[in-house]
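Next comes just one chain, in structure tokens: the form predicted on its own.
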């Protein structure tokens, strides 16, 4: 175990049961690194997870308080917890692309609408890999999966001028960003900014799946090829030109940190106002 793991993670959860070569560990470690660099302790963080590869691999790893939600409902649980816990305590969530952009999208939008303090790290392996490798909401066009053997043909949430981050921004999120998992330092720095927002923050992080995605899309479980494929289809915002096919524009999309009232603070202030009126 390295120093970060010893400080923040439960030894019985290490090593992870993730598939060999999985990139999820890069995203998870970046989140813990950001927490450490902001000098948060175990008791400063409440960590929530949900279903799928991301939920299974990160649930119960944090030494402090944890919770798990059913598929797509973790944001609703987090909003309730936000009202119950101390305002200085941070809620962080590690969820998958289905949890965030599929079945959970409606709940996620309401968390953004109300600007509820939570930092959501969407760990995206480009489909439903824990159930066999079916295509999902962010599977790139033309990619073969177990359920799209002739290539993914449905519109997805990140291409063709259609970006789910724009929808979440319109709903009211105050911090939004996207990275791929091998962007170590930029990803850590972005997560630090997200954690410092007293409101709703979401960081979309694409990571390589060797077991199902690479086998179907690239015809091989060669992890080096898979990592290079993800890296070569990403570019920083504003640097998309150059002849490469770019699936993911990376960097900070929207930063309106600490410009709107946070949900639990608004509820408590309104409740106190009503109590004063009722008591005369």
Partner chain sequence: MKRFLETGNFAVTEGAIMAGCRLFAGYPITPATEIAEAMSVELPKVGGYYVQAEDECAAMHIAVGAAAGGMKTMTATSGPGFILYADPYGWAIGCEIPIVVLNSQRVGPVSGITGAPGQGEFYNSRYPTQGGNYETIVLAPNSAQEAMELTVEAFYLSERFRTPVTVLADQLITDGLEDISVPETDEEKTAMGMRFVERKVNAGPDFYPPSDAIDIPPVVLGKGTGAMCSDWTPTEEGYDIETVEAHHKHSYRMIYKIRNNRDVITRYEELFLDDDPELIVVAYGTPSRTVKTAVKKAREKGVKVGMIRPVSLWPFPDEAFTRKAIYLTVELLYDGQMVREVQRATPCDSPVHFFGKCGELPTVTELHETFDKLLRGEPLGRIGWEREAW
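As the structure is a prediction and not an experimental result, all values here were calculated from the model. Positions refer to the first chain, counted from 1.
Although it is not shown, the form predicted in complex with the partner chain is what the next lines describe.
Segments offered: 26 to 34, 217 to 225, 242 to 250, 51 to 59. Contacting the partner chain in the predicted bound form at heavy atom distances within 4.5 Å is 51 to 59. Contact annotation for residue 167: none of its heavy atoms lies within 4.5 Å of the partner chain in the predicted bound form. Within 4.5 Å of any heavy atom of the partner chain in the predicted bound form lies no heavy atom of residue 160.
The partner chain is not drawn, but in the predicted bound form it has a heavy atom within 4.5 Å of residue 46. The shortest heavy atom separation between residue 73 and the partner chain in the predicted bound form is within 4.5 Å.
Contact with the partner chain in the predicted bound form, judged by any heavy atom within 4.5 Å, is made by just one of 80, 132, 184, 155: 80. Residues from 60 to 96 that approach the partner chain in the predicted bound form with a non-hydrogen atom closer than or equal to 4.5 Å are 60, 63, 64, 65, 66, 67, 68, 69, 70, 73, 76, 77, 79, 80, 81, 83, 84, 85, 89, in the order they occur in the chain.
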